[in-house]
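Heads up, the chain below is alone and in the form predicted alone; it's given as structure tokens.
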Amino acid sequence: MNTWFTELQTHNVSLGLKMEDVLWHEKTPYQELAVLETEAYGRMLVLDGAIQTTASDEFVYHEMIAHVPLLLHSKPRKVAVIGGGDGGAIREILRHPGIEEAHLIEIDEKVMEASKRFFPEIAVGLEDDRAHIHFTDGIAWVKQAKDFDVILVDSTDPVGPAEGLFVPEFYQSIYDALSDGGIMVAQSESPFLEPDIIRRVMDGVSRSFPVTRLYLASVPTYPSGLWSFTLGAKNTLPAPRQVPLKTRYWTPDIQKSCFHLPGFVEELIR
């Protein structure tokens, strides 16, 4: 089979991956969903033509969106993930001792169904008794949420149903849903290819949160390979807690160094 999948990452940048098979393809009520087998990265989940996760590099994104904020909170017990229907963020959250509730808010039930079927190693945490699944709109859900210690916005790109996850009003709703000392993190795209989105997210989060920080990780299949996360905290960030974690990307040194930004990134958010 000599078939290639091409993601149009911007109007002038694309990523091509040679496919071995199409495992699942359908139009859900919300988006086009596909699971592909690729030579380079193994199984891959695609939504509306954009790569969401692959079996080979998913650990980078999921470890970094979860462990960085959780270790900066003094005692996280109740955590929510908005989006992230593949379950990877939930898996990482539940590795932390003391977690009592991990809520997943996913609008498209088919994303979770595909992940359980084709990515069981990613979705494993969804079967945990501490995992609570809500198939609903994250924007509406967060408006009634209360007393969460950490909220992660594991969203798709800011188009279609995810557009409302990138506006100041949404970040204010997250602020209101967090307990004292609460922390949020939202994925905020590539500093090489989407600097305007980073500025947009940083500005929106900083309107509600007195502490706003950007950190980076390298995710090969995401646009440009360099990815950003925007963190908002209600209080000054303490030194990270020391928790033994079996990880493949995150380390205690990465926890510190990921906030040290290259000069061009410092400049774009200044």
Ligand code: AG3
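Note that residue numbering follows the sequence shown and begins at 1. All values derive from a computational prediction rather than experimental measurement.
Here the subject shifts to the form predicted in complex with this ligand, a form of this protein not shown in this document.
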Handout entry: Which of 47-55, 25-33, 236-244, 208-216 lines the interface with this ligand in the predicted complex (heavy atom within 4.5 Å)
Key = 47-55
Exercise for the section: Can you work out whether this ligand is within 4.5 angstroms of a heavy atom in all three of Glu92, Asp149 and Trp250 in the predicted complex? Expected result: no
Exercise for the section: Although this ligand is absent from this view, report whether Ser173 comes within 4.5 Å of it in the predicted complex, heavy atoms only. Expected result: no
Handout entry: Heavy atom within 4.5 Å of this ligand in the predicted complex - qualifying residues of 220-241
Key = Tyr222, Pro223, Trp227
